[in-house]
Each structure stands twice: as C-alpha cells, then as structure tokens.
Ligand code: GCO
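Given next, in structure tokens, is a single chain: the form predicted on its own.
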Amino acid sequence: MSDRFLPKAEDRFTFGLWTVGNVGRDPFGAAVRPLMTPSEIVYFLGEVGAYGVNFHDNDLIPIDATPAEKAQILKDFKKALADTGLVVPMATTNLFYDPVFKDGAFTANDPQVRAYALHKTMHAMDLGVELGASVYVFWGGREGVETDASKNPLDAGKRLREALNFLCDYAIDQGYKLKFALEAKPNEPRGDIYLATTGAMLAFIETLEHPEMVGVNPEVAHEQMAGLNFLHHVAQAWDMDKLFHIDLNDQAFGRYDQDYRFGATNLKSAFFLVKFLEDVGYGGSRHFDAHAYRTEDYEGVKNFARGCMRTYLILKEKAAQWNQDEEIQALLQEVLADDGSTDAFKGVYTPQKALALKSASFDRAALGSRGLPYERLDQLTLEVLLGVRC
C-alpha cells in the first residue's frame, strides 16, 4: 500500500543545516551526535525526502576557513545539491555566535562591530545568491539588552533601520532578486530582544526605505514561548502581503526556546496553522526550524525530520476533511448567517450611511441572548484530529 503522507517536491519542505545537523549540545551537556559536513547533511535530507536546505553562512563555511577550504566545501556542497536535486530557497547570516556580537550586530554600541556585521552580511548574501537563495532572513538574536542602562532603544532602532536600508540598497545595486524576511523573538539569548514580535516587525518595516523588499519570517516557537497565538501573527503578516517565509516547529508556552518537532506539543494550534496556510494558498517554503531530542542518534534524527513533514501532511488532510465536514460547515453557516438587514451600512463610509446607522434600532437583548455553538465546533475539531469522524 502506498503511503499518502510521503513528502513531494511540491510540498516545499525545507530544513536548515543547523537543524538535522544539530549535535545535541546544550548549555548543560556536550554533543551526543558526531558532526556532519554540509554535504553529508544534504545527502541526509535527500534520503528523508526534503525539498530544500537552508543555511547560515557559517553553517556552510566556518568563520575562520581559508580560501582553499571554502572552495572545497562549496565544491562538495554543490555536488551534493546536484546529486540529490535539493535546492537552497533561503539563506541567512550568523550574527549571534561569535564573541564579536556579544553586544549585538547591527545595534551594537561599537561602530566597528556594526561595520563588521554589514561586511559579513554582504559576503553572506553573495554566497546565498550564488547557491540560489531568493529569500534572505534576518534574526536579531543578539540585538537586545540585559539592562536598559546599556543602550538607548531609539538609537538601536535607528541603527537597525540604517543597516537594513544599506543592505537593501546593496542587493539592488548587485541586481539580486532577494526578499528580506525579519524574524522576531522576545528573548533568548538576550534578556530582551528588540522588535520582539511579528507585529512589531511589521510596523518597523513600514519605516524602511524599501518596505516592498522586506517581510517577515515568523517562527512558531518564538511567539508561543511568550504565550501568544502564532496563527494570529501569521494571518496579520499574510493580510499585509509580508509572509515571505515561515519557520515551523513546536513549543510549550512559557518555556525557553525548545524547537520541538512540528506538532509535537500543541497539535490543535498546529492544525489551525496548517489549515490557514493551505486555505489561503501560501506558496513559500515550509521550513522546519527544529531539533531532534538530545536522546537521538542519527537514525532518530531521520525519524524527527520525517515526522515533521508527515505531521504537516496529515494535518493538511485533516484540514481538507474539516472544510468538507457537513456538520462543521452547517455550524459555520449558522454563526455567519446574514439576513441582509445591515447591507445598507456596509462598505465605504458615507455621511448617509453614518446617519442611517445612527438612527437604526437594534434588539440588544435578543442579540445578547443568542447562543453561539463554539463548544460544538471545537469538539468536532478535536474529533476530526482524533480520527473519529468519517
């Protein structure tokens, strides 16, 4: 029997070199898996059925690599891409790991650090474009503070704006067809990270010189670790035509950044996210920015990667079932019922509409007493997910 949940290229499932290549090191324990080379990771992803691979510059090329070492790594990586058919849809710059970025990159107080961050990013953009990337992500993991005594947030915002304007102009000057995607996170590794939510990023984008080039890369864990509803942030980004990329994983509310397998913790939230992406026709990559449990060897990492993709496809099927369920759709029609009595008030404002609406009468008691069957809707949703509705 064929497995209908096997990934296909059109699913656009991607993983970063840093995800399946994660060796299981954490602040309290050493590595539990051997380090794979970038080309080995590409073959690994080809084996599990991924569509593409993404990278930070130093995931691929170590920060202190010699020109000869860089050339050999690139040769091996390109061969692995050709052998497997994987593509590189997205690239990004590591502006958080090296000690030079301990006070931030684009927002650092030291102007030499800010200049070096631009230098590093331009070279990384060149590398990403060389390998086919069309989206370039910016995650400001060190762009923040532990104490507000150290940095003026207005100055930090101006520095970040100046850096992104510079890099947009660089991309234009080079003829790169790149879209920039900003990734929000409230905290970790900094105590407080600037522009902590997707909504804050969307507002900031409108202050840039080339807002048409810049969107967002929301990540499940980064909103849920702050107890926020990730779906609502994604919907806002989509509504503003700014959902350029998305990072899928899972996260318990109020915890540190866990990067669990997609759907591993909040299955109903994952369901509504998949349903939204499929209903609106999101055409970008479904990028799994997650890590396998530290208990796993590389066979376990394969199970992790396959599990991310399989869960998405199962939830995609469940979303189609939800959309076709007669009882669910009847309940939705009931709560969305419109008898046409307010048609005269809808649409663009006119003085006549305002006057008519002000003089209209409403049966407030009847409106307030109407029952809305959301308990039943939610229960039916659970039953779809639990597989007990045909």
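Note that residue numbering begins at 1 and tracks the sequence as displayed. This structure is a prediction, so every number in the text was calculated from the model and none was measured.
The next section is about a form of this same protein that is not shown, the form predicted in complex with D-gluconic acid (GCO).
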Practice problem: Taking 4.5 Å between heavy atoms as the contact cutoff, choose which of Asp257, Asp103, Glu296, Asp250 touches D-gluconic acid (GCO) in the predicted complex. | Solution: Asp257
Quiz item: Here the chain is shown alone; which of Val137, Leu277, Leu315, Ala133 has a heavy atom within 4.5 Å of D-gluconic acid (GCO) in the predicted complex?
Solution: Val137
Quiz item: Applying a 4.5 Å heavy atom distance criterion, does Trp238 contact D-gluconic acid (GCO) in the predicted complex?
Solution: no
Quiz item: Taking heavy atoms and a 4.5 Å cut-off, does Thr92 contact D-gluconic acid (GCO) in the predicted complex?
Solution: yes
Quiz item: Is Glu143 a contact residue for D-gluconic acid (GCO) in the predicted complex, using a 4.5 Å heavy atom cut-off?
Solution: no
Quiz prompt | Contact label in the predicted complex: Lys185 to D-gluconic acid (GCO), heavy atom within 4.5 Å | solution = yes
Quiz prompt | Proximity to D-gluconic acid (GCO) in the predicted complex (heavy atom, within 4.5 Å), stretch among 146-154, 73-81, 214-222, 115-123 | solution = 214-222
Exercise. Scan 271-299 and write down, in order along the chain, each residue with a heavy atom lying within 4.5 Å of D-gluconic acid (GCO) in the predicted complex.
Key: Asp289
